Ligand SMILES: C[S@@+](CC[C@H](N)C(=O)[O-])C[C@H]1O[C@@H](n2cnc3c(N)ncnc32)[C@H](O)[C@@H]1O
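In structure tokens, one chain follows: the form predicted on its own.
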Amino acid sequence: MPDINLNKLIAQAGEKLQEVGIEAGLVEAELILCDLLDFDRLHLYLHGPSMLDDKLLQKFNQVIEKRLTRYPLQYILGNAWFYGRKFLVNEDVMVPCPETELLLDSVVRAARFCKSDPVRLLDIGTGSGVVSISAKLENENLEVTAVDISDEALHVAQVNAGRFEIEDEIRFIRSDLFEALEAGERFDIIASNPPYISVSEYEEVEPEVKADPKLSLLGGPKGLDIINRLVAEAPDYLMRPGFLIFEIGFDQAEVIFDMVKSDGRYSDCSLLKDLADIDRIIICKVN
């Protein structure tokens, strides 16, 4: 068959996506083709036209039609990119957000200031495992434990660890925060992307977000139920010095700083903003 006008194909699909409220419609159309062809963007434009056939176009149109319902693209494709790596995702886990890469950056950076050898990391609410797996891949000397309350999420995380051939280098435990950990266990870093959306906020989030498991999103009436437990319980599981690092909602920084200050066991607390200048990561230190 003759070469297809790739630019026109992408433009038409992108316009359809934009019409239903997907601002990055053109980018998503490119991503879909890259995924179906297993090409990067450069190879898509160099070789894509000659590789497209009726069967692939049919698959492309099927993905576009499903995406028009605002069902998350990552669930449709079955994967999501995080820190330059492709991870399996499905409806059992939350789609990783680019902002969470800042959490990973903070973990990797904090490990340099820990005195243990090896440095021990606990990833609470690991979900698809992107933080714990990426941390291990970025620093092979980390000793990583990943916990989640969901058996299904843990299965996804273990599959992802297997994809990177480190399934035997991360300890996976089903646990409601710290409950299933051994008595007396201590970690240098406790990291978490906890549920922090309030019940009222949940009603206003984008359809793609609502496709994520509620368990990974909802943090109670004010979005602080799990964060309260993290701040209260983490010092009992931290080495000295040790770090508690977690993601927060856009309007939670002030109340969390007050919470940490009133606790009295933390020696320092700092805030990182994401690229959109939104409060995103809290770093608490115990000495």
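Source: prediction; values computed, not measured. In this text, residue numbers run from 1 along the sequence as written.
Here the subject shifts to the form predicted together with this ligand, a form of this protein not shown in this document.
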Is it true that G223, Q252 and D277, all three, sit within 4.5 Å of this ligand in the predicted bound form, judged by heavy atoms? no
Contact with this ligand in the predicted bound form, heavy atom within 4.5 Å, among I76, A211, V108, L177 goes to L177
Among K261, R229, H43, K66, which has at least one heavy atom within 4.5 Å of this ligand in the predicted bound form? R229
For the interface check, one of 134-142, 181-189, 113-121, 148-156 should have non-hydrogen atoms within 4.5 Å of this ligand in the predicted bound form; which one? 148-156
Does A161 reach this ligand in the predicted bound form if we count a contact as any heavy atom within 4.5 Å? no
Hey, in the predicted bound form, is M94 touching this ligand, heavy atoms inside 4.5 Å? yes
Do T100 and this ligand come within 4.5 Å of each other in the predicted bound form, heavy atoms counted? yes
Can any non-hydrogen atom of P194 be found within 4.5 angstroms of this ligand in the predicted bound form? yes
